[in-house]
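We begin with a single chain expressed as structure tokens, specifically the form predicted on its own.
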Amino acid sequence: MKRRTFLGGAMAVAVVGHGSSALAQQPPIKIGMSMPQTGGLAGGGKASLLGIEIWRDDVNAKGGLLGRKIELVVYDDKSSASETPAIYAKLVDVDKVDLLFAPYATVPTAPIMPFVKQRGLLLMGNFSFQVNSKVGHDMWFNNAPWGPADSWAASFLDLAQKAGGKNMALLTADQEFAQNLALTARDVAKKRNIPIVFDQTYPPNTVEFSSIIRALKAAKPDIVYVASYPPDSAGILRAVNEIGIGDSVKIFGGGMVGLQFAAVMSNLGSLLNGVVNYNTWLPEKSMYFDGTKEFFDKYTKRAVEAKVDPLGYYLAPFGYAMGQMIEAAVGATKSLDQKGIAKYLRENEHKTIVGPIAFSADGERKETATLQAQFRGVKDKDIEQFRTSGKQVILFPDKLKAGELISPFEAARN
């Protein structure tokens, strides 16, 4: 299954007005990508793509870039790492796109890194984690707020140690993203002399976690760090609810993908209470920048029509920000030269709807903006509750902080 999206049509032409004839005479700037539209990552992929499409529409309504419309060329990678190498080769060699955006997530992105480096192509990353750590491509720029590799685990363990945590359990899926997270967690724990009393990896297709949670509970950890993907995140929390995790646990969560998506949050409801997990954007006053409110006004309306994540906090604004950075770089360099665009992205700070973004040499954020937030007072079957502040209390970073950790985990679940 493939999807190609083209902006244009009667509405866009009418908005452009007198500039429309000039735009129509020039070929569009084609931006190619794969995006999960089916499979386990589809929920996030669809929301991310809608954020990018809103950016595209905003740019084209203003007259495009370099006097040319933006056209998105998008294929469904089915959430599979095996699909993306062929898709990106086609985008470059057959579709002749001008620029590349990466698919959502680490697993589909990792296999295309050697290809883009070999071809000398700019790749705007889309929420991958450490896919460039071994490849070392100097034209990679990740839109995600992660920052330095160890900051994700370090911020979680900072909270854990302040709550009295002295040892740790690790539970991780056997795939690229989770293993990268676990690797940094082990490194941070070692530097802090935090012993790991339980360390288990499970196959990505695991659906039954009861026996794993029983074994983890028997180890009596103070800190439980989980790195999982959406289907298994839900399975783990259901097993924890059924079996319990023990009074020793000060903090639970860390790297659970899926707990940021409206469908998963609505489905799990009160089972989320007490979990401390990473996030990217939450509806707190400190997280609104120029254009943020306007973006969500558009997203909320279009998400209903497109039947995608109604909240869209996790990925959609960062998809828009990815476009904003390209827009700024192309505008500043007045060119589609990818080396020139990469140089501009590397040497400047960029204003976006998710805040200012500056890159380190490895193409990741210079400073982490990853949130650690605790679910509190969540009710069952009420997605609208997540549009208000206080349901996910920001504990980190300090400049965005909205409250203190409630610990131990079992007490925080009430």
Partner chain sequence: MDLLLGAVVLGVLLGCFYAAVSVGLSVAFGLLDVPHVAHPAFLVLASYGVFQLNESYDIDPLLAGLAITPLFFLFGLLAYRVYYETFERRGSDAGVRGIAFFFGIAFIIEVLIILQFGVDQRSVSATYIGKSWRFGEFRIPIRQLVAFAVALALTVLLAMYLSKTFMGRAIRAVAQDEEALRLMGANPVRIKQFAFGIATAVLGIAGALLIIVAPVEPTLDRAYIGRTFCVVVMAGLGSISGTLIAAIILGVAESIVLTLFGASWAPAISFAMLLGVLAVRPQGLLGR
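Residue numbers count along the first chain shown, from 1. Nothing here was measured: the structure is a model prediction, and the numbers come from that model.
Separately, the form predicted together with its partner chain exists; it is not shown, and the next lines address it.
Counting only non-hydrogen atoms, which stretch in 55-63, 384-392, 359-367, 38-46 is within 4.5 Å of its partner chain in the predicted bound form? That would be stretch 38-46.
Give me the residue from I243, V92, L336, A328 that has a heavy atom within 4.5 Å of its partner chain in the predicted bound form. Among I243, V92, L336, A328, a heavy atom within 4.5 Å of its partner chain in the predicted bound form occurs only for I243.
Please identify the residue among Q118, S82, S211, N193 with any heavy atom within 4.5 Å of its partner chain in the predicted bound form. The residue in contact is S211.
How about K298 - does it come within 4.5 Å of its partner chain in the predicted bound form, if we only consider non-hydrogen atoms? Taking the distances in the predicted bound form, the answer for K298 is no, it never comes within 4.5 Å of its partner chain.
Report yes if any heavy atom of R302 sits within 4.5 Å of a heavy atom of its partner chain in the predicted bound form; otherwise report no. Outside the cut-off, so no.
G147: touches its partner chain in the predicted bound form, heavy atom cutoff 4.5 angstroms: No - in the predicted bound form, heavy atoms of G147 and its partner chain never come within 4.5 Å of each other.
Close approach of R238 to its partner chain in the predicted bound form, 4.5 Å, heavy atom: Looking in the predicted bound form, residue contacts with its partner chain include R238, since a heavy atom lies within 4.5 Å.
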